[in-house]
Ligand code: EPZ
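Taking the form predicted alone, here's one chain by itself in structure tokens.
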């Protein structure tokens, strides 16, 4: 068993360059299947979810190579329509292959997708939109089968909730559909805009990404392209949380502050010093206990995002007062609350919310990640503890962070990976 041994109480100092965004990478990898020519992606982080995606691409016939932050994708000579069970079970993002494989093969079989255990995560909006475009859907045991032998047709579709994943699925479907599509009440996240930029580079005709309505004129085919991923705003939020917990000052490079507006506002209210020395960089500093934030609620972009919620909770464990954070997306977002308590902090899960009673210090202890962001939050919490902590569940952390322990070591943290 592997775990991180963290001896808290050391301030963080130094600089970090953000990797490309995991939440851009995964849908763009799937969208590559829509192309008839090679695709090159740059600024790619080395994550376990990346390697699961590469397994899917190779299984359906594509050649995929990852070397030093760059991915080269070469089109399949003959496409296959079955997504392998092991790769599908490793991550929820296997759903992104539905629309591309429907276009290229007329059929797709998807075993039950995996990922973090955050509660109910239905894909019904994805399926409703694909069915309205002409697909048929059937479940046989744990396998979802979609068919579209005559291709997909453009349509007008209003999402009943601005789901990021469904927006991306339907945007990929509409890119090669026959005719025009209009998608309303869509997600406006930066990663949605990044996918649209990639598809447009390949020859798609997508307008309105980043607004509540996206219009797509279907095209007969897409060529290849070279695309650099946007910076990972959730890794940036993780660094803010680590600095708030452990104190110190960190210089963050390759960052887009506009993408972090909802998070930056909260950390400024906590008392963090945040300033931009040059475009594309931020310096985050914290020397005192954070100020409590009262009642908070997550929401669709540009509001305070769900992925940053457990990280912000970790930052507030030593706050001067109480904070309650409600997550409106996942009912199990705050399973980390009991693990914070195992580290000596005062936190409790209450329905969809976490209640934090800030205290001047806490001891550290043993805790285990239950999902990706909870794992990163536990690392941040351990950095702020007075004593030694052991954080398990590293398989979750690796889904979204490349060597998080090495990043923190570089910044001066006393953190090592131990295998028993």
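Numbering follows the first chain given and starts at 1. Just so it is clear, the model here is predicted, and its values are computed rather than measured.
What comes next is about the form predicted together with the named molecule, which does not appear here.
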**Study point:** Site check 236, 240 and 259: each within 4.5 Å of the named molecule in the model of the complex by heavy atom
**Key:** no
Practice item. Report the stretch among 143 to 151, 336 to 344, 173 to 181, 303 to 311 that approaches the named molecule in the model of the complex to within 4.5 Å, counting heavy atoms only. Key: 303 to 311
Point to revise | Answer option from 212, 217, 156, 124, heavy atom within 4.5 Å of the named molecule in the model of the complex | key: 124
**Study point:** Candidate from 76, 264, 319, 329 lying within 4.5 Å of the named molecule in the model of the complex - any heavy atom
**Key:** 329
Review point. Any chance residue 164 has a heavy atom within 4.5 Å of the named molecule in the model of the complex?
Key: yes
Exercise for review: Answer for residue 194 alone: is it within 4.5 Å of the named molecule in the model of the complex, judged on heavy atom distances?
Suggested key: no
Exercise for review: Classify residue 323 as contacting or not contacting the named molecule in the model of the complex by the rule of any non-hydrogen atom within 4.5 angstroms, answering yes or no.
Suggested key: no
Review point. Might residue 107 be said to contact the named molecule in the model of the complex, defining contact as any heavy atom within 4.5 Å?
Key: no
Check your understanding: Listed by sequence position, which residues of 179 to 203 have a non-hydrogen atom within 4.5 angstroms of the named molecule in the model of the complex?
Key -> 189
